[in-house]
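Quick heads-up: it's one chain on its own, the form predicted alone, in structure tokens.
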């Protein structure tokens, strides 16, 4: 029996050596000879569905274009998308995608609330993670080699843009109001704005509201009494829209309004009831908005309509674009990682990409090029200046 055992062991070892390395489908979770499974999570219902739904649609559109062109190194990409609105749902969705669905990489298209909730889990597992929308520092600090950030920049970058927009519109502004949601993304921007204003010697008037609020009477009256010259709104397009609409009757008819990225959405126009308000500004995370007469935006919009049909009000929006562009950036990183896919290989390839853009793989360049290094995973810091013209958000330079 001892001799037989030695022979069996030798045969097994010889067999293992003879077969060599494991086949591609066994090298990493979610990878087979023909397919790469990518997981994504975000809200499809609830207050932040204006990000999650478009994020999903943009991702799927980009992936279908990539697959139609032959996929990546001979493999097609498959997207598995999980609804997640609350923090608990976000953690559960991340765990399902990684542990049950065995995805090769994870995309967070949930905004700051979901990204913050999933942050510890993705760090602990080491799964390659692409954070599309979350500005919260919780997903960005401490630095994690497996977490990458896309078109939406970090809170300090967007906060600086918001303050800059105030002084571009009203250079002599003395008193600034901050109308801030109590949830994660607005609070992240608030924390980043305060030291910028302090450096300018400005002590802002701060008023807060709960998510999905519709009545801003008390906050606006407080700002009017303190004679603010400008109001920075940190919240969604619906929250900003109702606040702006109520402002004139509360004594803020002449204030400049600057809206953060969540509020820069064409769906705000029907809410505010003005086709071309003269005192509303924001920033863009991409070279042009979906409805602009810009070659890449037109190319994207035509592809979106061909897939999804006549768009509803406010669609496709910026989150459609970022999801679409993000699909190509992730695919580019997978391509650079080569045929023998592993998590470490993807992370290493992604960490050295310079100026990656959708057109590298045949897509429309609706996002700014993204660059990464081994110590800096913020792909984009460029932001455009935006205002509403012709009933639509338009980029009007830096």
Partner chain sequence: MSDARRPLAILSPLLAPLALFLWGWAAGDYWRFVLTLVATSTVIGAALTMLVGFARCISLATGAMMGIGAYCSTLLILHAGLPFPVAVVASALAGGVGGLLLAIPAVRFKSHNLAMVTLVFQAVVIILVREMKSVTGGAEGLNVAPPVIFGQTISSDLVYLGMAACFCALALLPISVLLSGPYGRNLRALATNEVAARAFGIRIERYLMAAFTVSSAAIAMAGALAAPRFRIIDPDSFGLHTSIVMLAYPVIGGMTSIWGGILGGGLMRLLPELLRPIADYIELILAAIVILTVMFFRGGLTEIGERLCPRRTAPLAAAPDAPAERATTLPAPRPPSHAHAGDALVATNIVKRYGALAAVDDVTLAIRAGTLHGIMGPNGAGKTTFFNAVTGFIAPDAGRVVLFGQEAKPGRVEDRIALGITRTFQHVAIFPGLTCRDNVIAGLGRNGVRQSFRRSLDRALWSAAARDEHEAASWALAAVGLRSLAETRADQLSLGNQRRLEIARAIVSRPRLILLDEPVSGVSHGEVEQIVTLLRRLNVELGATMLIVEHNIGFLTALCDRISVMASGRIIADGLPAEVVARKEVRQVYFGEIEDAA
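What you are looking at is a predicted structure, and each value in this text was computed from that prediction instead of being measured. Residue numbers count along the first chain shown, from 1. Rigid core here is just the name for the largest C-alpha set that superposes within 1.5 Å across the two forms.
Below: the form predicted in complex with its partner chain, not depicted.
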Notebook entry, point to check: If we take heavy atoms and a 4.5 Å cut-off, which stretch out of 116-124, 296-304, 282-290, 162-170 is in contact with its partner chain in the model of the complex?
Noted result: 116-124
Margin query: Whether residue 202 contacts its partner chain in the model of the complex should be assessed with a 4.5 Å heavy atom distance threshold; does it?
Written below: no
Margin query: Using a 4.5 angstroms cut-off on non-hydrogen atoms, would residue 89 count as touching its partner chain in the model of the complex?
Written below: yes
Next item on the list: Determine whether any heavy atom of residue 157 comes within 4.5 Å of a heavy atom of its partner chain in the model of the complex, and answer yes or no.
Entry: no
Notebook entry, point to check: Does any heavy atom of residue 146 come within 4.5 Å of a heavy atom of its partner chain in the model of the complex?
Noted result: no
Check: So, 96, 137 and 184: all three within 4.5 Å of its partner chain in the model of the complex by heavy atoms, or not?
Finding: yes
Checklist line | Members of 51-86 lying within 4.5 angstroms of its partner chain, judged by heavy atom, in the model of the complex | finding: 56, 82, 83, 86
Next item on the list: State yes or no: after fitting on the rigid core, is the Cα displacement of residue 49 between this form and the one not shown at least 2 Å?
Entry: yes
